[in-house]
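Only one chain comes next, encoded as structure tokens, the form predicted on its own.
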């Protein structure tokens, strides 16, 4: 399904129109589809989960490549019925992806999550999956608004470097796969998109505690890091971490790399 005519036919078959409230912008560009599917195949995942299959630009190719191991998560009831008829052997979960408890779905470890994410939930969903204990994904291939992808990939001292940058980079290795322009979708969005790949790192960090630490560190960006932390952690531990990491007293959260954040947290958690 790579033409507007094919898309129209499927919308008619499903009895739907794109819903702005669900962030439905359907991918049409076959080159982007090929890039995503080729990368997912190279990962050799145990299973593939797609959030928001929509009308199937990606889904058709994923089902061909992984005929017995695709799970679809879709919130739109019209599209759920569409996929039940079109792919009766595929597991379809009628749910908001933000409320799914992934550990309860029986998806094997080593799975890959694939999605053309609605812009409104992209950053929140990546954070939610990162923090959800027992989630089965060792990799993710996600399309999102380019601005959100830039925020997740941002480096220290960049204007958009913040909590998502630190947390996601701590637990995932992130790379850009391909960019997509507004013309690659229907309806045409007013922003550009980017596909990023994420491979999970091995980590023993206490994730919830770590995230609270990072949030506290960034609570007031203009303040010094030690000022943001002083009411939540012992001063002696903060001073020790500053010394061991070689940080100046005037250091601010946005100056620390994810690796430094991780080391800082380990030092104050002992």
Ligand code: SAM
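Residue numbers count along the first chain shown, from 1. Model, not experiment: these values are computed from the prediction.
Not pictured, yet referred to below: the form predicted together with the named molecule.
Contact annotation: residue 26 falls within 4.5 Å of the named molecule in the model of the complex, judged by heavy atom distances. Among residues of the shown chain, residue 79 is one whose heavy atoms approach the named molecule to within 4.5 Å in the model of the complex. Contact between residue 118 and the named molecule in the model of the complex is found at the 4.5 Å heavy atom cutoff.
Among residues of the shown chain, residue 168 is not one whose heavy atoms approach the named molecule to within 4.5 Å in the model of the complex. Partner contacts here mean any heavy atom within 4.5 Å of the named molecule in the model of the complex, and among 39-47, 221-229, 56-64, 199-207 they occur only in 56-64. Only one of the listed residues (150, 95, 138, 132) places a non-hydrogen atom within 4.5 angstroms of the named molecule in the model of the complex, and that residue is 95.
For the options 144, 180, 111, 75, the residue carrying a heavy atom within 4.5 angstroms of the named molecule in the model of the complex is 75.
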